[in-house]
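Starting off, we have a lone chain in the form predicted on its own, written out as structure tokens.
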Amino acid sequence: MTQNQMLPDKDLLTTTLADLRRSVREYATAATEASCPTVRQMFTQLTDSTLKMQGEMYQLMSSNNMYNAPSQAARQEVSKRLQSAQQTQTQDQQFVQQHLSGGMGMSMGSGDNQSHPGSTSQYS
């Protein structure tokens, strides 16, 4: 093995694809945690552009037989999980709307879980 020998193309692309997936996760997390609208928009755009690059990289690797996609899932299982995700999304939207209309003095739970002035946690 010489010092100038590089990894095979498949290994380089696999590493790059994994890095793009990791970047998408991290940008999405940063967007959800940003309190500044400008910063949130920046991370949202980075998520979108990186997700596009990841898709293009996957297509390139797949068309060159460098990526083995997992076997296809059963249609019934996909429908079941999609329905579950849609129900969760609906519940989340209802929760957010309910608490947004309740104003800043909202309670995040019932009973003793009310917000206290000066508290560092909205859940205390």
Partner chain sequence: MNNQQMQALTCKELEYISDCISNESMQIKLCSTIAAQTQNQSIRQACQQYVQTHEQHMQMLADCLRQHEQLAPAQLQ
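Positions refer to the first chain, counted from 1. Being a predicted model, the structure only gives us computed values, none of them experimental.
FYI, the form predicted in complex with its partner chain isn't displayed, but the following is about it.
Distance criterion of 4.5 Å from any heavy atom to its partner chain in the predicted complex singles out 60 from the list 96, 73, 60, 82. Across the proposed site, 6, 35 and 45 without exception bring a heavy atom within 4.5 Å of its partner chain in the predicted complex. Interface membership of residue 100, defined by any non-hydrogen atom within 4.5 Å of its partner chain in the predicted complex, is ruled out. The closest heavy atom approach of residue 92 to its partner chain in the predicted complex falls outside 4.5 Å. In the predicted complex, residue 53 approaches its partner chain with a heavy atom inside 4.5 Å. Within this chain, residue 88 is remote from the site of its partner chain in the predicted complex, having no heavy atom within 4.5 Å.
Along 61-98, residues 64, 66 each place a heavy atom within 4.5 Å of its partner chain in the predicted complex.
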